[in-house]
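The form predicted on its own is given below as one chain in structure tokens.
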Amino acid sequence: MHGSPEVAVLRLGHRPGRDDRMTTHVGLTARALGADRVILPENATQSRETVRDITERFGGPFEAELTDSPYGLVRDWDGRVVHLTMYGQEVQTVEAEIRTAHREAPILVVVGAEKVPFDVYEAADWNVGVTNQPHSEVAGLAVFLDRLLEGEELEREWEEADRRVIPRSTGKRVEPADDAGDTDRGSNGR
């Protein structure tokens, strides 16, 4: 979030055809829930383009980029590394420690796709489990980011948006960003 050290999300692994939707959702979740950028494997170009398109239409700032050296990025990260895994420490026992560390240094949140090499577990400052049960990596990322940022990401103001979603109790409403500013934020949309 603005004024804090960076939160970057790294997607480890991408199997074209099998992981396309999930990799895209990792990027969209990172964006929507307060990360500053997502770094995707070099073979996830379509996912990167989708995230960039959403950012262009619904606002930022947010960066989506590709890397040909994800393990090098983990190894050489200038900050702290959090690896999300169902085998890790319970998020509720380490979240305060991670938040404190984030006040001083950038955080790289690592989200795997396929089997993650043991080197990543060793390189991480924290191996964190949102739950120790099988679940979606997208769900794990969402819960972790919300815990890290303590809900502040839900109040974010999006810059340079072309469109805005107008909250409603029923139905869907998306308006050009210029028109959306007139809507009462506390309204239930009726």
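Each residue number is its position in the shown sequence, starting from 1. Note that the coordinates shown come from a computational prediction; the quantities given were computed from them, not determined experimentally.
A second form of this protein, the form predicted together with a small molecule, is not displayed here; the remarks below concern that form.
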Considering the small molecule in the predicted bound form, find the one stretch among 125-133, 28-36, 57-65, 44-52 with heavy atoms no farther than 4.5 Å from it. 125-133
Just to confirm, residue 107 within 4.5 Å of the small molecule in the predicted bound form by heavy atoms? no
4.5 Å heavy atom contact, residue 112 to the small molecule in the predicted bound form: yes
Could you tell me if residue 81 has a non-hydrogen atom within 4.5 Å of the small molecule in the predicted bound form? no
So in the predicted bound form, does residue 94 come within 4.5 Å of the small molecule, heavy atom to heavy atom? no
